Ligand SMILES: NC(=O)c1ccc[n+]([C@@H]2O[C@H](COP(=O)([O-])OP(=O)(O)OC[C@H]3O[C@@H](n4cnc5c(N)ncnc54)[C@H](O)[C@@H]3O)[C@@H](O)[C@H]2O)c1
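Quick heads-up: it's one chain on its own, the form predicted on its own, in structure tokens.
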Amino acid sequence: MADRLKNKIAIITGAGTRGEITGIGQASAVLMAKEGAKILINDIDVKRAKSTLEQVKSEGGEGVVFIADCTKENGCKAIVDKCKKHFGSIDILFNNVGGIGSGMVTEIDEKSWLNSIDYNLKSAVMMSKHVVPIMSESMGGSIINLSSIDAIRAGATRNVPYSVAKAGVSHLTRLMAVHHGRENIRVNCLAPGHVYGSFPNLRGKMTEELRELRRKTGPLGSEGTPWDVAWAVVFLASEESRWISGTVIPVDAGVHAASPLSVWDNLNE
């Protein structure tokens, strides 16, 4: 299955690693590089970004690190300009960067609300703003946004800023797919479920009890990893998905299809 992305140029935002547990951005960079893509690895932490680059190179891939804050428009423009200058074009954009946002509406403050919008939604908007014209000039491309099952229904935690921002990412995907379809730009979105990766371990390593509960919640009964999401990224970036646009695809072991009572037996197995 090698060379599915041969000669393609990709930008991945937030692609650095946070430590021993792999994240979706890092896994996607490695798999896309293995499939032949050249990767611009963006992050705000140079050490994390270089760690991902080392993994890409260890798999025989090619990449470059660029440190910039993609919650700021000037940072997004700088990322896109760097990629265009270094590689000559842009075929794939994976808007992977994101951030947490906790609380019910009665608990959140303005700063946490704005931070969540910036990390999860504004970054995708501004990156796309500067990538779309380049893709249009080169006869098209694939933009992949990262949402969450928390954008589809209420999740396990009370996280209004995060959930609302991710719901915005899902709808942004549909709008962009319609607005830029005639430019041969496909825009799709992935909504990961209970993936065991770096993101849910940001505030401390998850307990084994919670990890097991998350596994049981999925109808498939298996634990998801960043690599499961990364393979979906590869598919949406490749020509295999050439006739797919405007979709929000859950990668969640079937959690989005279940009601609490429908998995009652699974939770008590």
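The first residue of the sequence shown is number 1, and the count goes up from there. This one's a predicted model, so the numbers in the text were calculated from it and none came from an experiment.
Separately, the form predicted together with the ligand exists; it is not shown, and the next lines address it.
Colleague: For a quick test of understanding: in the predicted complex, does each of Asp3, Glu35 and Gly61 have a heavy atom within 4.5 Å of the ligand?
Modeller: Contact check failed for every one of Asp3, Glu35 and Gly61.
Colleague: Please check if Leu236 has a heavy atom lying within 4.5 Å of any heavy atom of the ligand in the predicted complex.
Modeller: Heavy-atom contact with the ligand at 4.5 Å: absent for Leu236.
Colleague: Should Ile24 be counted as a contact of the ligand in the predicted complex, where contact means heavy atoms within 4.5 Å?
Modeller: The answer is yes: Ile24 has a heavy atom within 4.5 Å of the ligand.
Colleague: Could you confirm whether Ser245 comes within 4.5 Å of the ligand in the predicted complex, counting heavy atoms only?
Modeller: No, Ser245 sits far enough from the ligand in the predicted complex that none of its heavy atoms falls within 4.5 Å.
Colleague: Does at least one non-hydrogen atom of Pro161 fall within 4.5 angstroms of the ligand in the predicted complex?
Modeller: Answer no; every heavy atom of Pro161 is more than 4.5 Å from the ligand in the predicted complex.
Colleague: I need to confirm a contact call. Of Glu240, Asp69, Glu223, Glu54, which residue comes within 4.5 Å of the ligand in the predicted complex, counting heavy atoms only?
Modeller: Of the listed residues, the single hit is Asp69.
Colleague: Using heavy atoms only and a 4.5 Å cut-off, determine which of Ser142, Thr173, Ser116, Ser148 is in contact with the ligand in the predicted complex.
Modeller: Among Ser142, Thr173, Ser116, Ser148, a heavy atom within 4.5 Å of the ligand in the predicted complex occurs only for Ser148.
Colleague: Out of the stretches listed (176-184, 95-103, 108-116, 128-136), which one is close to the ligand in the predicted complex, meaning heavy atoms within 4.5 Å?
Modeller: Only one stretch qualifies here: 95-103.
Colleague: Within 4.5 Å of the ligand in the predicted complex, which residues of 42-57 have a heavy atom? Give them in sequence order, or say none.
Modeller: If the 4.5 Å heavy-atom criterion is applied to the ligand in the predicted complex, 42-57 yields Asn42, Asp43, Ile44, Asp45, Arg48.
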